[in-house]
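Heads up, the chain below is alone and in the form predicted alone; it's given as structure tokens.
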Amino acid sequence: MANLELIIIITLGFGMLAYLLGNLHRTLGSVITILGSAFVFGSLAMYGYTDTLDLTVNYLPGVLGDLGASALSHYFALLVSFVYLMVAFFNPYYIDKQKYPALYSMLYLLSLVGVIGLFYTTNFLAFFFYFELVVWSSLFLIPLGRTRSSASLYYGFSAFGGFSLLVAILLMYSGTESFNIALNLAALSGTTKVFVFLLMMISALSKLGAFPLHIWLPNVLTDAPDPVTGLFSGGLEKLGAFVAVIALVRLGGVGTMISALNIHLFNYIIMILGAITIVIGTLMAIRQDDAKTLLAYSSMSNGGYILVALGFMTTTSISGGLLHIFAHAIASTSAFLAIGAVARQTHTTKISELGGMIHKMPITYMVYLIAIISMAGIPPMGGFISKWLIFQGVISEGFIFVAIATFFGSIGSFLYVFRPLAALFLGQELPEYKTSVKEAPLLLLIPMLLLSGLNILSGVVPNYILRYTNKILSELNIAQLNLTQFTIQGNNGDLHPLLIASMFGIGVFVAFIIFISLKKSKKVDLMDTYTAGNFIYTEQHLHYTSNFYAPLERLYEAYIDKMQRFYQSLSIKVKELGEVFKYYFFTYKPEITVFWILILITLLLWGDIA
């Protein structure tokens, strides 16, 4: 389908169909989510990527507003709709756990409509409408899992971000009396530009799950249904990155120029927040026992990399940031889906309760292994290329604190992604899973394998993606990244990803030849061993999963506890404030209601009386 308006309308139709069929049979509704997501991604891939998308609005001009396309909107829309499609394959297998399966399927596609509209609208009011549509539809996907408290937390932070965005839009409208995005951004200057930048960045930080607005992220990604966690980490969080690109890159430098650092004040503050996000996300991920919570803090940390990269506003760093958005979306989605596949078989995501999954789920293990290699920034995956570009930007600009934070996050990621690998997949095979667990069904393996292929492809031949990000740079009037057919030119040297991947492949091949050539090890029973002269009478005692990095955790445990107590006391104060509003404004006493109505009428008439 070449017309974007029809793509949105037909996807809405898919949503209603999913609801109707979902009421007849829950699996039918979930199958419609696959078809609807495939329709959106297929249409955008065919016409959006080639810039032949028809943007005319004929049927719902008052609802959809004006639509416009750019390389930036195509980039985000293609990426996020692909994540929706991959996650949708999991829906039929998890729909039985939903209390309202038909509603889940409908909301899934409704949130996709919001995402597409947000990326392509040229009107700030419509932008806010689509932003809220995504929040409200995704909000109700969360409590369909385990708990409603996480949904409340998500709503609180999203409402804060949405309100900030609305105030920014109204500020811009007061100056131009127009909601056109390009016109408003071009007209900003002085104090108004600073306020709009700060308000939009609040919205971006809350959606991206960055410090200090990150509290909702680990709770939601832990408690939401397993497919929804992949959707949030790989797709919906990227809406925050999209808003950050608008605020940081399209608005340019904001605030007083710091001569010594050659950067604008507020851009530097955002970079510092990005650096803190990397450090806190890494430290928190290291100490988690739940694999989903661990990956949630990993998502937070990677959001920090995106902020740091965009904050620098150089060709290399922005290219790295845009590629990191792609690499992290693909890697985190595949990692969450792999953990979701394990949870479907074992009914737990606790690392300490799992072990030896490689024996039963070897393909899922490979998917997780490839994903974490990319997340840790190790070749030959896409995460390595994006982090290399970001490091190039950090080093060449000479920001010491930010450089330390980014390198710390990269090293720390080795620690936290290794823990599920070592304990959950490579640990001892626990007796309770020896007969009950088997590999994930084929329909779940298909999206995971496709994501793994993209993880590798984006690391071996990343120039295909970087050429597209160069189009975005060109639209933003930023110099393009220098690329040859196979090399990337950085600030401190060139990178040849294909050569690195070839060397890596040769190393794996040599290791394989050695493995098959040497004498095979003798397989013995798990209990046929000795440990420090003591007889181990149960296999669980051979399984080392808890307190994995206890010595390291003790170094910063006290500071983490202080931060958690601060946020807990803050939440209590917010709750008390809510009780005050509830007492005065949402009361059952009619005299108080009449009093506030009179006050409101008086204020509305105040101008005429004066």
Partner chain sequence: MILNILFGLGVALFGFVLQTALGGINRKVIARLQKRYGPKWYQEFLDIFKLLSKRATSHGWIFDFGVIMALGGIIATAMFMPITNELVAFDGYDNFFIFVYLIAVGMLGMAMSASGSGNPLASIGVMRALTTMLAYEVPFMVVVLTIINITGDSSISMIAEFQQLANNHWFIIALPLGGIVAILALMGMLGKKPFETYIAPAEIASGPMVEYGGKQLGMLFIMHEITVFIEVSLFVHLFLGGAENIFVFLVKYVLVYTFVNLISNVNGRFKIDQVVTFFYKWPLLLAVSQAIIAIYLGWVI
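Positions refer to the first chain, counted from 1. In this text, all values refer to a predicted model and were calculated from it rather than measured experimentally.
Quick note: we don't show the form predicted together with the partner chain, though the next part is all about it.
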Please name which of the stretches 343-351, 111-119, 420-428, 198-206 has residues with heavy atoms lying within 4.5 Å of the partner chain in the predicted complex.
420-428
Determine whether any heavy atom of residue 400 comes within 4.5 Å of a heavy atom of the partner chain in the predicted complex, and answer yes or no.
yes
Flag residue 297 as yes or no: does it have a non-hydrogen atom within 4.5 angstroms of any non-hydrogen atom of the partner chain in the predicted complex?
no
Even though the partner isn't displayed, in the predicted complex is residue 494 close enough to the partner chain, meaning a heavy atom within 4.5 Å?
yes
In the predicted complex, does residue 520 come within 4.5 Å of the partner chain, counting heavy atoms only?
yes
The one residue among 414, 173, 160, 100 placing a heavy atom within 4.5 Å of the partner chain in the predicted complex is 414
Of 187, 395, 265, 450, which one comes within 4.5 Å of the partner chain in the predicted complex, counting heavy atoms only?
395
Mind listing which residues of 199-214 have a heavy atom within 4.5 Å of the partner chain in the predicted complex?
none
